[in-house]
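Only one chain is included here, represented as structure tokens and corresponding to the form predicted on its own.
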């Protein structure tokens, strides 16, 4: 359905050219769910908005690449052609529903406008459709919701409304950018369950972008791990969580809090900061923060290499060396409290 080929999305800033998305290639099939994870600043949101050309141009520009959606290169379409695709064929759920909804209009008016933008309907027909969409997303009193302003709804209710608006055109592809941010864990679980149910009902493909590894573990068929604008590992959830061969992915997994933590244990974190994308380090971008780095890591940038069926990682270490380095590090740190998070021993 969607194939991204060698996409680059750069930002022309006062500090120089920021390589926010740097040579990304991936695809998604019909009814498939892809999770894209990484730290803040890794380029996830720029990538998401690039897929439907929502980034302001300038300062964002695309020196290279293709975004093929059912045979059409979205980078070559006019604004009018893109408007026909947005909402009708590709929709997006944004990170903050309160800033995405208009605070001075009631939910009903905003949802009816979205429905009529994608379907030839009278206002009465659109209202019936809007009520049906609100029921689909699990709102128990849709009539009351239609008459409410955004600030009168809870965070979970607003997110459900945003999902209803995104589904109003019956899109083939749904891009969810941090859909559970700022929601408590109970509401997060409900939103994730809702996305799964709606995908089953409509056959929609989903790209879910998050920094929460638990979210992609539950939803995604495949996971892309991004760091400094690049894909550094790609595979199934099982590949990423149990057979990772990339130090950055392993570091992210170590940082997941464990239920076995006590008051005396410290949380694990990745040392240092993500690189300046206007002036990235030589060689591997993760080199300055990598616990297994060697002088060879500064010589050349690693490329994604096949390490299993559908499993690729960008690291010069082979699987055997990577496993031995992990054991050496854990042994060295064994003076601390050993915390297990499902990835073997983790030292705080």
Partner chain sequence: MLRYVVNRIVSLLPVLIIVSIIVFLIIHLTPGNPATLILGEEASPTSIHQLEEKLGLNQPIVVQYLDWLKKMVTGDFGQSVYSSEPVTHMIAANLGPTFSLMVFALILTLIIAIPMAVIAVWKRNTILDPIFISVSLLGVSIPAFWLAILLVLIFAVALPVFPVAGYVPLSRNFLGGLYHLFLPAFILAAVETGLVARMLRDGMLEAVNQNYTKTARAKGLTESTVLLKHVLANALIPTTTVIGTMVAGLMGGTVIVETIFTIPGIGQLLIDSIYRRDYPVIQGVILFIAVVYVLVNLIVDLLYTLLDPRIRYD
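Numbering follows the first chain given and starts at 1. Keep in mind the model is a prediction, meaning the values are calculated, not measured.
Omitted from view is the form predicted in complex with its partner chain, to which the following refers.
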property	result
Any non-hydrogen atom of residue 151 within 4.5 angstroms of its partner chain in the predicted complex	yes
Contact flag, residue 203 vs its partner chain in the predicted complex, heavy atom cut 4.5 Å	no
Contact of residue 113 with its partner chain in the predicted complex (heavy atom, 4.5 Å)	yes
Any non-hydrogen atom of residue 129 within 4.5 angstroms of its partner chain in the predicted complex	no
Partner-contacting position among 235, 142, 156, 87 - heavy atom within 4.5 Å of its partner chain in the predicted complex	87
Contact assignment for its partner chain in the predicted complex, among 109, 135, 170, 243, heavy atom within 4.5 Å	109
Candidate stretches 311 to 319, 277 to 285, 57 to 65, 36 to 44 - the one whose heavy atoms come within 4.5 Å of its partner chain in the predicted complex	57 to 65
Full three-residue contact with its partner chain in the predicted complex, heavy atom 4.5 Å, for 49, 118 and 165	yes
